[in-house]
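Just one chain follows, in the form predicted on its own, and it is written as structure tokens.
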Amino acid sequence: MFTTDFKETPYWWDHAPPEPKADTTLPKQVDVAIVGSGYTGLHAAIQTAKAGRSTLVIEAEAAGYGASTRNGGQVSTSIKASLPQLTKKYGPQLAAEILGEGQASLTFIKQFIDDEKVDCDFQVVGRFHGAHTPKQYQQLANGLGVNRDVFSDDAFIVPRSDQPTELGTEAYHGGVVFPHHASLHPAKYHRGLLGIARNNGAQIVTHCRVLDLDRDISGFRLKTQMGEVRAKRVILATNGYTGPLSPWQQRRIIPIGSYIIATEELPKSVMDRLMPTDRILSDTRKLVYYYRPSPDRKRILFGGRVSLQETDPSRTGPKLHAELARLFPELAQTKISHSWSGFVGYTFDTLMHAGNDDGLYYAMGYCGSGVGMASYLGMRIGQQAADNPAGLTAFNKIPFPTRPLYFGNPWFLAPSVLAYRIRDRLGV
């Protein structure tokens, strides 16, 4: 099942490992302190530093230790709800703005990587979204173009008869292709952001957990493992790793573990047969599987949720492998080279959120679409903290819901996953 050199660390770290701990000291005071060094925090830091604000990024682990170097490297338009669904809830104008932000996130990350020349294997490859039942295929076909009053995604339907041109499996009943979606190498992308943030003057302090956050007359006082620092403004960029430091946000973020495996290297003929394109891939299940070829097209990276509760990647690895083999039976004997996990930040309304509480800024809740949206909202929240009016987003305009009796521990996760699993099996 596992290769002899099997690792319980992300495949991405083989090419861009976490930086070692460096000797550093905290400044006594800064204009902006950012908690979290993932995509959100670094993009925010780039903006505040460019605006001339002294900027400090504080990270409890190695830089990018969380989902920013653990994800599948898939870049989409991020918004799960459709225009009719959003219109029913928020009205036509705000609904259009929300969907527009999703499109803007995809445009932004493409332009940023090109402008900054970030070496991260970025490719516009498109996404194939497979229908796991005939009913789901019909729903995909009926919904094609439903958002085109806001933007054109150029999506097109792929019937089952044409599916071999997209994917070498008979497990789906056709699907839809979103040609503008993209892929990248998450850890290389994060490494590039670190360099850009530093080059613009931001200080990054790692292995320094923030223990307490208090307001004072001049702004905020952050108590950390390395001492105290005062900041005029604070940006929370913790997403799925949001904890008791910020109880209000913790009550609104649902940390959900997502698990990924990488296969051993596969023959070129097998890769070309099973994945004739470089597309990123997902499906219509409630417990969605997402997968893709590695940037060098030698492996398949396959992710999803396969357990009722959080568990060890060594346990979820074989379960993910079984699902991979269900889609591609010829991979039944293929070994796993890497198995790892990370926390994504879900919300009760499946939308991302941004806001400002008198100098305490936040952007989070990307619901599994964090590569593009964390980059985009990190940039926007950085602009907001630097008093740039361009930073205001549609996500500042909507309420950030919680639920009674929820305080950050998702006790409802196991029954919810079980219910979704049953629905997937029934095809509803």
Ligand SMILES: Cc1cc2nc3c(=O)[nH]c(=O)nc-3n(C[C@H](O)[C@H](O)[C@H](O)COP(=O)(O)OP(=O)(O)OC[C@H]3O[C@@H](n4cnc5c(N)ncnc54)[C@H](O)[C@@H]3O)c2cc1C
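A quick note: this is a predicted structure, and the numbers were derived from the prediction, not measured. For every residue, the number given is its place in the sequence shown, counted from 1.
What comes next is about the form predicted together with the named molecule, which does not appear here.
K.L.:
Consider the chain as shown here, without its partner, and state which of Gly72, Gly126, Gly174, Pro295 has a heavy atom within 4.5 Å of the named molecule in the model of the complex.
P.N.:
Comparing distances to the named molecule in the model of the complex, the residue within 4.5 Å is Gly72.
K.L.:
Using a 4.5 Å heavy atom cut-off, which residue among Tyr137, Phe328, Phe122, Phe343 comes into contact with the named molecule in the model of the complex?
P.N.:
Comparing distances to the named molecule in the model of the complex, the residue within 4.5 Å is Phe343.
K.L.:
Choose from 55-63, 382-390, 22-30, 396-404 the stretch whose residues reach within 4.5 Å of the named molecule in the model of the complex, heavy atoms counted.
P.N.:
Only one stretch qualifies here: 55-63.
K.L.:
Taking the named molecule as it sits in the model of the complex, is Tyr376 near enough to touch it, meaning that at least one heavy atom pair lies within 4.5 angstroms?
P.N.:
No, no contact at 4.5 Å.
K.L.:
Val158: heavy atom within 4.5 Å of the named molecule in the model of the complex?
P.N.:
Although the named molecule is absent here, Val158 would stay clear of it in the model of the complex, with no heavy atoms inside 4.5 Å.
K.L.:
Spell out, yes or no, whether the shortest heavy atom distance between Gln47 and the named molecule in the model of the complex is within 4.5 Å.
P.N.:
Because no heavy atom of Gln47 falls inside 4.5 Å of the named molecule in the model of the complex, the answer is no.
K.L.:
Would Tyr366 show up as a contact with the named molecule in the model of the complex if we use heavy atoms at 4.5 Å?
P.N.:
So Tyr366 counts as contacting the named molecule.
K.L.:
Mind listing which residues of 219-238 have a heavy atom within 4.5 Å of the named molecule in the model of the complex?
P.N.:
If the 4.5 Å heavy-atom criterion is applied to the named molecule in the model of the complex, 219-238 yields Ala237, Thr238.
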